[in-house]
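Take a look at this one chain, the form predicted alone, written out in structure tokens.
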Amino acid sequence: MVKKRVLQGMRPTGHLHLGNYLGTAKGMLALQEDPNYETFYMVADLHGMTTPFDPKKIMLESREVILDYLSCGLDPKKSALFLQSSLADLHVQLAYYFSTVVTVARMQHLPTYKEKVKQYPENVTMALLNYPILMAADILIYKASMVPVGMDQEPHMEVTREIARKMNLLYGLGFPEPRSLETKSRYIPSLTGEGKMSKSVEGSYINLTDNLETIKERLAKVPTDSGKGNKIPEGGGVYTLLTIVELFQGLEKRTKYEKEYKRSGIKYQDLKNELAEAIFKDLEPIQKKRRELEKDRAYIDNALKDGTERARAVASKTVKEVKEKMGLI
């Protein structure tokens, strides 16, 4: 049986939060256990340099991400785990070859590029403009047919497919046209009651490394109402709490609170304390595993070394093939 290749990149954001865990990590773990897939998991540290970054922290934050994923159950024997920068000679090289078939206008019209220009008007760099081309190289260098990404990345996926078609047509290559893979992930709302849980919004998240007291403090700040009403809120802090209750305490518990909301009322302090206990119970084994891994630097180094070698074996073959077809060899 020929396995389908999957490439997923994780930005070097330091510690993972509940949104990353429930929305991404669990899906990655499921894929690595599925015999139909060959998984490549990359910390996208080069992509982390497309917007302002701290050179003193980027490597440290990359390793923190690796630690968290390993703590959640990522198995380096089953998945190739590596840093994008460790294969920059191949990824960036392929991105340059791809850039010869993409126009500047195409990149400038991408909605994601326009958003970042507004967000960082003083840092509109070529790295930012070329982000989708490097992403295409990340994917196609492993001839991945599937990529687990959010809907916000779909414009970049379309660029990847366009590049694959053009390279195949112009140079007789056999790149697949990868599609976005929908995994069983959940949208985790922010603790602020607005948007989704995000590392860039302070007060919106719970880290996987948070102790019970910290989790209680974070939940205590979630905005609520009087605890009683005729209609269950479909947004805001109360909606966030009920959603997380369902995820960690089950649908039955959520239903119980919804009934109380319409009748006697919810006592939010009790809800938040019970929820904190339930979240910490799930995170405790992950934190225990993380403490063990922190003491074993060699294990992490070897996991990255092995993953990089496995990825390089595939990537170097692709780059050699492209160079031959483009007349460089």
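Each residue number is its position in the shown sequence, starting from 1. Nothing here was measured: the structure is a model prediction, and the numbers come from that model.
Absent from the display: the form predicted together with a small molecule. The rest refers to it.
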Please determine, with the chain shown alone, which of 295-303, 53-61, 273-281, 36-44 has non-hydrogen atoms within 4.5 Å of the small molecule in the model of the complex.
-> 36-44
In the model of the complex, the residue from Leu74, Leu247, Leu129, Val149 that sits within 4.5 Å of the small molecule by heavy atoms | Val149
The one option of Asn123, Asn211, Gln153, Thr224 with any heavy atom within 4.5 Å of the small molecule in the model of the complex is Gln153
is_contact(Arg11, the small molecule) in the model of the complex, heavy atom dist at most 4.5 Å | yes
Is Met135 close to the small molecule in the model of the complex, meaning a heavy atom pair under 4.5 Å apart or at it?
-> yes
Might Ile139 be said to contact the small molecule in the model of the complex, defining contact as any heavy atom within 4.5 Å?
-> yes
